[in-house]
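Starting off, we have a lone chain in the form predicted on its own, written out as structure tokens.
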Amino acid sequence: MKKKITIGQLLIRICLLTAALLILIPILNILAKSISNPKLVPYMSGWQFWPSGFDLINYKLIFSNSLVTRSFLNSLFITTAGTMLSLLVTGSAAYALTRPGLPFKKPLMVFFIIMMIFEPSIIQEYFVIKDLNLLNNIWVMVLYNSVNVYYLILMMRFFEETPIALIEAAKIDGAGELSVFFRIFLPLNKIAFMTVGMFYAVVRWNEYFKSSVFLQTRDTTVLQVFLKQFVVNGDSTAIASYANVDLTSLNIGSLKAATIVIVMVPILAMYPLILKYYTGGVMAGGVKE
């Protein structure tokens, strides 16, 4: 027998569908403008999610600019290396703070929470980084803010659910702390690492303000700074340089849309890859014997 849908469930589904469309249609509209014929873009409405004609001239122009390629690679490196470093440091700290008998555990947690609430201002951070000779060094954004206290507490909650019997059995077999962390905690808490890693990756990929302060040279600029300069400030010279196409055949609106798509795609492509770990975790935890 088919399960009847109540009025409340129907209203919830309608609300969720409406919210999904409100999010999806603008994204599809931007994508459609980016691949449409530039001459037809001015006639496209804000809700149109299918392209008018087809032309990849915007992407040809963008990727013919060496600054775009450099800034894209810089953002990709900062996101990848920074996320891996953050996961390693956050995971190690969460493992240590969840071990029984850790000295000064409560004072440490109080210290971390205070640091989470009272963050230093950009002026103090700037002078510290300057004294460390890390200005205009791409590694500054990899090392910067490696641990988020909120994500640390979230991972600690996952680690506390790990069975103590597995840890004791591993130590009886001669495993050290590193072996316990990498061979037991890491495999059993894949969802925790994927979740926190996704949070770190999104924050690092979208980081604009600190990057614009600490990285001010052409070779160290990131994609988000370039995006703000072109899309928000309207500085077309940032993208028109090194162009090998006829600029009179372009539409600035569709060119901005193509730039936004290039910024969105890498981070959106990450979600389907992580979703399978959530599905596997739900299936593993949903069967009881």
Partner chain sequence: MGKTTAKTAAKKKCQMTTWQKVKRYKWIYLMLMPALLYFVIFRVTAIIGMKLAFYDYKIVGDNTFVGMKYFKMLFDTPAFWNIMKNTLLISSIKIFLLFPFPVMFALLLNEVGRTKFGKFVQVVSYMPHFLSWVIIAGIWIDAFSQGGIVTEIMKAFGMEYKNLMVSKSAIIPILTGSEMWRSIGWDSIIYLSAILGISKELYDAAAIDGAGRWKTAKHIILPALAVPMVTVLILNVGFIMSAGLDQILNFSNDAVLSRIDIIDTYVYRIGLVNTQYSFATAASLFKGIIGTAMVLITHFISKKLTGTGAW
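Keep in mind it's a predicted model, so treat the numbers as computed, not measured. We call the rigid core whatever largest set of C-alpha positions still superposes within 1.5 Å between the two forms. Residue numbers count along the first chain shown, from 1.
Beyond the structure shown, there is the form predicted together with its partner chain, which is absent from this document and is the topic of what follows.
Against its partner chain in the model of the complex, the set Asn133, Phe158 and Leu166 makes no contact: no member has a heavy atom within 4.5 Å.
With the partner omitted here, the residue from Ile57, Ile27, Leu40, Leu67 that has a non-hydrogen atom within 4.5 angstroms of its partner chain in the model of the complex is Ile27. Its partner chain in the model of the complex comes within 4.5 Å of no heavy atom belonging to Thr195. Although the partner is absent here, Leu250 lies well away from its partner chain in the model of the complex, with no heavy atom inside 4.5 Å. Leu102 belongs to the set of residues with a heavy atom inside 4.5 Å of its partner chain in the model of the complex. Although the partner is absent here, Glu177 lies within 4.5 Å of its partner chain in the model of the complex, judged by heavy atoms. In sequence order, Ile12, Arg13, Cys15, Leu16, Leu17, Ala19, Ala20, Leu22, Ile23, Leu24, Ile25, Pro26, Ile27, Asn29, Ile30, Lys33 are the residues of 12 to 43 having a heavy atom within 4.5 Å of its partner chain in the model of the complex; the partner itself is omitted from this view. Pro26 shows a C-alpha shift of 2 Å or greater between this form and the one not shown [criterion: core-superposed Cα displacement of 2 Å].
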